[in-house]
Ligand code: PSV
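Next up: just one chain, as structure tokens, the form predicted alone.
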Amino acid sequence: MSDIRATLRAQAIETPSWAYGNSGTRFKVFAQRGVPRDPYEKLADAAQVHAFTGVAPTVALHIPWDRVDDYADLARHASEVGVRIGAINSNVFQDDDYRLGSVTNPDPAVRRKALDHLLACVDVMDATGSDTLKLWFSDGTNYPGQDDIRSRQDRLAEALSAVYGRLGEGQRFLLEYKLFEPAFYVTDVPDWGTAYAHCLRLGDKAQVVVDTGHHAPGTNIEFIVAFLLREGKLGGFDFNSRFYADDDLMVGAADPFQLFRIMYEVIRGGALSGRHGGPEQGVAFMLDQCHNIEPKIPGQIRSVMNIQEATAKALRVDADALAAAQAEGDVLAANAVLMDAYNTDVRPLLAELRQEMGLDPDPMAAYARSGYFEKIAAERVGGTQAGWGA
């Protein structure tokens, strides 16, 4: 039990800056009171999540949504409020120039513009002390014959190679994939196999990030996790939930048993470290969620708690009993070992652990009592609220 406590205490879960701004669906983004107006206020809100959970020490930035004149100053501010800058997320999908793609666009001038942005994101990494660049491309085609599929892969490989060459010591990039949307015929990075193939060719500093919402219904995500861990190519997660498509709901909301199965494979692969510091670092546990109708900070706190609960359950799997049942071919006994761990109520354990860390055993209730929301709702009046594209 002491090993479980130590592992849970060391776990680190990164929250995304954009989760604290106004975000939602393509149909409507509902504004809320107290929403940050700039990256500095986003970091202040993220610091609240860490203060009440104790395991959310880093914040991912999104460029240009979090553009500032002085990134070193932003990093200093993060430290002052009690967090650090985590992954830097690039954005090559919102400009009109990217209508036919960014790094895979048939126009070399557009490809150059996209690549310049990616390289500038590495500059932001240098200025903030970030060790991770996250790449997602909306590139693809809508119609057969619109562009040459193979040529687009060549262009993608060329851009990734240029970014890889710009990375410094202890830095890496994570390549994200997405089954569909907004490209409806061919998506240039549609699955883990495509991302893996590009990363494999480049080297140790290129790894795959698994967004739990970016798969076809019924996909066995834990198999992908196990395979990539075995190959040393799983760099991190974008944790969220979906019921039908890429909804970016709170992690564990739709299928907590799936989250448990994923965390078991992470533990089985020896990747539950939560460390940062280069391509050999542990798997990064990052949230990628959009809180459209729920309050922002409590939504992030609840998500962190959901990951903690799934992790605690996965840590309780009796590895020896499971291995024995598997070796004997006892299907029901093996499944029962997993189900016994999943059905364990780990909330008392986590409450005790938080008390040992000097935290309130109930982070949600503690935040509600803190008065922080009332404070920011009163203070953040005027100006332009942060949100998608701002």
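Since we're looking at a predicted model, the values are computed, not measured. Note that residue numbering follows the sequence shown and begins at 1.
The next section is about a form of this same protein that is not shown, the form predicted in complex with the named molecule.
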Check each of Lys178, Lys113, Arg242, His198 and return the one that places a heavy atom within 4.5 angstroms of the named molecule in the predicted complex. Lys178
Residue among Asp246, Glu309, Glu222, Asp131 with a heavy atom within 4.5 Å of the named molecule in the predicted complex: Asp246
If we take heavy atoms and a 4.5 Å cut-off, which stretch out of 327-335, 59-67, 28-36, 342-350 is in contact with the named molecule in the predicted complex? 59-67
The named molecule contact in the predicted complex: Phe260, any heavy atom under 4.5 Å: no
Contact flag, Trp18 vs the named molecule in the predicted complex, heavy atom cut 4.5 Å: yes
Is Asp147 close enough to the named molecule in the predicted complex to count, meaning some heavy atom within 4.5 Å? no
Given that the partner is absent here, does Asn89 sit within 4.5 Å of the named molecule in the predicted complex, heavy atoms only? yes
Going through 194-232, which residues have a heavy atom within 4.5 Å of the named molecule in the predicted complex? Please give them in sequence order. Asp211, His214
